[in-house]
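Below you will find one chain, with nothing else, as structure tokens; this is the form predicted on its own, and questions on how it binds or moves follow later.
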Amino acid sequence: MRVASNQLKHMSDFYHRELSGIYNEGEINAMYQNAISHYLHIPYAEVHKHANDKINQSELILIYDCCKKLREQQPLQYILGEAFFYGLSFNVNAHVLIPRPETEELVDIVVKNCTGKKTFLDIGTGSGCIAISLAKYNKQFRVTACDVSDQALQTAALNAQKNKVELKFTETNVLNKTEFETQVNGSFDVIVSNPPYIKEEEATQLLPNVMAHEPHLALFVKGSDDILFYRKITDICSTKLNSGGSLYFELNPLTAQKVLEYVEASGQFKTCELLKDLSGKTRFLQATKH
């Protein structure tokens, strides 16, 4: 792996040469621009204007090492330690999932439909991207975020500080109803969750960089009950979701209908519907409690 010179245009050539065959050209362009923007503090949209700029040795090593890690299919967000979500910057690491565009759509649905709501609970918060985005969007929202992982909550707390919002964080296991109801105080106008929803037998369908680097605790449902988390959260709504309150889920399209049927069968909700994401996949559920 050799770079022709310390000019950025040659670093761009280097990225394309080394990463070709692993990623497509559009992905390589985006990775390169993100790396340059991150390490050299150049606005993403202006990276191309700096093709003839020369970089120093320490900068070259950072950008070179980033390319080496990309060749190993490490996610760019983990390499940079940063991901962007709903217009905000989040620290990410191996303890939290990289925020997905679909989850941005979920946040958008919630903020558009819940302007009159006051209290929000995000179950399985991970990096805190949902909870923090809600708190940032409306300072009147009082948001509680919970997760079973203490390391994820530490990351989420740092992200709350980074984005200058105040949230309440609680470490608890949603699969243990008694523990959850004891540790999460009060009830809420809105409960939102993007829980683990990938069945273990679907693991072979995931990209290698996801399987190798993202936390399996946040990805996979263990055992035969592939909507376990949705069942448990729906059951918790009996005590934790206020009358007239709203429940929002991000879904696995393969099990979306099963989740809908369980939520409807619970008898708690006067309305319940599935929503599609921008790619046309059934991705979300929204329900309103009696």
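Residue indices: 1-based, along the sequence shown. As the structure is a prediction and not an experimental result, all values here were calculated from the model.
The following text describes the form predicted in complex with S-adenosylmethionine, which does not appear among the structures shown.
Annotated contact segment (heavy atom within 4.5 Å of S-adenosylmethionine in the predicted complex): 168 to 176, selected among 112 to 120, 168 to 176, 155 to 163, 73 to 81.
S-adenosylmethionine is not drawn, but in the predicted complex it has a heavy atom within 4.5 Å of residue 149.
Contact between residue 248 and S-adenosylmethionine in the predicted complex is not found at the 4.5 Å heavy atom cutoff.
Taking non-hydrogen atoms only, residue 103 approaches S-adenosylmethionine to within 4.5 angstroms in the predicted complex.
A residue is said to contact a partner when one of its heavy atoms sits within 4.5 Å of a partner heavy atom; residue 88 fails this definition for S-adenosylmethionine in the predicted complex, lying far away. In summary, among the residues 135, 190, 97, 184, the only one with a non-hydrogen atom within 4.5 Å of S-adenosylmethionine in the predicted complex is 97. Using a 4.5 Å cut-off on any heavy atom, none of the residues of 258 to 290 reaches S-adenosylmethionine in the predicted complex.
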